[in-house]
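To begin, one chain is listed below as structure tokens, in the form predicted on its own.
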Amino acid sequence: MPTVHVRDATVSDAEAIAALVNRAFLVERFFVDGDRTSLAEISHLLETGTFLLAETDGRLVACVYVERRGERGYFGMLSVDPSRQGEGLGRLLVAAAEDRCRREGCRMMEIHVVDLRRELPPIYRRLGYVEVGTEPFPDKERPKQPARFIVMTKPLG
């Protein structure tokens, strides 16, 4: 198996990140229309946090958005190239996001998981996350059916 290198994104990576996120989130087309993100959104997120990129032979294969919010770290848009899913890349990036936030002084990690993706909470539970509440789905125009976020957290001991 080729070596996976994890690095921080730069502004020049924004287009590749948007393309990867949109490919990885095609699975959500059953409940939401359109692309998951845009170049403009990724560029904006790079101003408030960072993306950790997993690369193999210089090719982007996975990414995750990470942001420090006081004593809480947040990660989202965890995206793995569909042809590389099941190889542990998502787990690798979650661990890298947690390590980053721990080093920055965060005591808790948080993720928001859409409730219609029933396969996701058990995955995050296995990584030590627990459900602590719900939040409204932020975009009320795009969903084809009612959706909300499940908020999950994990202490970063």
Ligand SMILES: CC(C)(COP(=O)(O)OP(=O)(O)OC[C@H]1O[C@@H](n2cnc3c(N)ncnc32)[C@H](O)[C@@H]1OP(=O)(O)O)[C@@H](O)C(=O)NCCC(=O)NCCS
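Remember, predicted model here, so these are calculated numbers, not experimental data. A residue's number is simply how far along the shown sequence it sits, counting from 1.
What comes next is about the form predicted together with the named molecule, which does not appear here.
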Which of 102-110, 89-97, 46-54, 65-73 lies within 4.5 Å of the named molecule in the predicted bound form, heavy atoms considered? The stretch 89-97
4.5 Å heavy atom contact, Leu120 and the named molecule in the predicted bound form: yes
The named molecule contact in the predicted bound form: Phe25, any heavy atom under 4.5 Å: yes
Decide whether Tyr124 counts as a contact residue for the named molecule in the predicted bound form under a heavy atom distance cut-off of 4.5 Å. yes
